[in-house]
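For reference, the chain that follows is the form predicted alone, supplied as structure tokens.
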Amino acid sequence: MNFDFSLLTTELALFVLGLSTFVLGLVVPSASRRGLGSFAALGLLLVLGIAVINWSNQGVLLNGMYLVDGYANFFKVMFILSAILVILGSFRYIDQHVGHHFEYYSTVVFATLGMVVMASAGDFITLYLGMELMTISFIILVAFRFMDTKSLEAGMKYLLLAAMSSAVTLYGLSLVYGATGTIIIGEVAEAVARGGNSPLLVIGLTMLVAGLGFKVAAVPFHMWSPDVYEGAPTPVTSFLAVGSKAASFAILLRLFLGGLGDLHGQWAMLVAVLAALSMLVGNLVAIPQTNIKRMLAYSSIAQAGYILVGLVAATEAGVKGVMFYAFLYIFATVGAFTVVAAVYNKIKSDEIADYAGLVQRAPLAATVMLICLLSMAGIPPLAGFVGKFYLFQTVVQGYMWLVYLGLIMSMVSVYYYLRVVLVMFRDDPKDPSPIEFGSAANMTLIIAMVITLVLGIYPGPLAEVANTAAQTFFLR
């Protein structure tokens, strides 16, 4: 059997980068370890270039256990890009509040590697290994501020609940294997098409919804999200919100559309209900929040509800909508959390009231926060509006009630987002001294702002790439 290692170039490059970052951290003097952030960012830029260059190099490894297609490559680029932005936006925060530079940056790279493996997983074992590599890396990252009680508490909660969700997911996969006799996702689809549904398969499917619902923070499996988002280091919260969520949606689509698509009638309404509950609870509970990280956590829960709509559609257009929205969600979320991290460096507070007069202290940061929040709310002509349009147009036939609910909840979200905007632009600052972000953080803010605006005004190129990648998903 021929094994084409060129298909694993991105994965091998990430592994070498993560290992070399860790080893360099052990070898170089402690005074020089701050440069490891730049080393990791430049290395990820190189890996991003490799992923883009190898986009057309697609194939199947190990008889379907590892799939390198346009769908997987799209998500790989997304994960690496999010890691670059998170690292660039976190230099000062890590210097001041974390300190363990090489462990932090190498763990971020290994978390990215786990996501990349998840996107290409063609069988249950590979899927689970990638998911656990990502999850264990995030457990470490969440508890990185080990001298801070909130960070330790968040790490313990994430450890316990992530372990429980992984166990539920693994048991669900084992039940699907028991019902179909195979762990290869493509062969699962063939077995389901031949034998139809069985009680064992339906139970396994339900457990997969529960286990993976935790990973995407969908209601009622969202209980970990607000506390972990608040307690974790802010750059980790940002990466958790974009990378982990996107990777979990990648395997959700791969499992439910690629393997269990013929059972769409069994799980579509269940997923639609989860999407509706996530939109309702996420947006309504975000309203009374006074801590900006908790508010963004509940906003993230609502965003998971919007993205689940694409899974409900179970069509090529639905897959395209999920991919498009997940991509633009990176920039809005990383932009917002970069502002939160920099403001915390200055004022040591995450309370919304302490953002008073931010436009006077950091005009660029306030402007970027405004654009990112309005994009999340789906206000035209920003990217979030286009993303929601692509998602909800896929369920107009058959799930119109979900479209109406999404529209209403998007209007509700405008209220609590504008609360933050009013505090930043209307109220006078308690301390008028400027807040400095640093060149790397400013670069992150500018990239987030520009791409959010450009994708809202001119979404065509990204939509075409997402559409082409979605087509490769359905070719097997």
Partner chain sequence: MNVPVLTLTLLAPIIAALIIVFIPKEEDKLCKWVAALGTGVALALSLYVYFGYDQSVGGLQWVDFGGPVPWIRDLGVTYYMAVDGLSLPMLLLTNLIGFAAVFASWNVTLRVKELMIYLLVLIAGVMGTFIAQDLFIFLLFYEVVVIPIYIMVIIWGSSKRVTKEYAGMKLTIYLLIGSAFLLVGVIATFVQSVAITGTPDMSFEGLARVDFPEQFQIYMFGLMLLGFGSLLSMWPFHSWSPDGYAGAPTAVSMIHAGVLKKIGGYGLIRVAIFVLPLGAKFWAPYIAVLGVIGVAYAAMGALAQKDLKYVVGYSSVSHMGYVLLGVASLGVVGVNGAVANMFAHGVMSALFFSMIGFIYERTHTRWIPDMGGLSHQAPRLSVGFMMAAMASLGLPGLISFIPEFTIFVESFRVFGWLAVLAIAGIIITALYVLRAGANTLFGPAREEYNHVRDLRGPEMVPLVLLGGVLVIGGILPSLLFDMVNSGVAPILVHIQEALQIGGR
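Residue numbers count along the first chain shown, from 1. What you see is a predicted model; the values in this text were computed from it and never measured.
There is another form of the same protein, the form predicted in complex with the partner chain; it is not shown, and what comes next is about it.
> Using the partner position in the predicted complex, report whether residue 418 sits within 4.5 Å of the partner chain, counting heavy atoms only.
Yes, contact at 4.5 Å.
> I'd like to know whether residue 463 contacts the partner chain in the predicted complex, with contact meaning heavy atoms within 4.5 angstroms.
It does: once the partner chain is placed as it appears in the predicted complex, residue 463 has a heavy atom within 4.5 Å of it.
> So in the predicted complex, is the partner chain close enough to residue 102 to count as touching (4.5 Å, heavy atoms)?
Residue 102: no, not in contact with the partner chain in the predicted complex.
> Though only this chain appears here, would residue 390 touch the partner chain in the predicted complex if you measure heavy atom gaps against 4.5 Å?
It does: once the partner chain is placed as it appears in the predicted complex, residue 390 has a heavy atom within 4.5 Å of it.
> Would you check whether the partner chain, in the predicted complex, lies within 4.5 angstroms of a non-hydrogen atom from each of 34, 49 and 441?
Per the other structure, none of 34, 49 and 441 touch the partner chain.
> The partner chain isn't shown here, but in the predicted complex which of 60, 411, 450, 28 has a heavy atom within 4.5 Å of it?
Comparing distances to the partner chain in the predicted complex, the residue within 4.5 Å is 411.
> So which of 334, 313, 279, 386 reaches within 4.5 angstroms of the partner chain in the predicted complex, heavy atom to heavy atom?
It is 386 that has a heavy atom within 4.5 Å of the partner.
> In the predicted complex, which of the stretches 66 to 74, 433 to 441, 420 to 428, 40 to 48 has residues with heavy atoms within 4.5 Å of the partner chain?
Careful reading of the contacts points to 420 to 428.
> Need the contact residues for 438 to 457: heavy atom within 4.5 Å of the partner chain in the predicted complex, sequence order, or none if there are none.
Residues within 4.5 Å: 456, 457.
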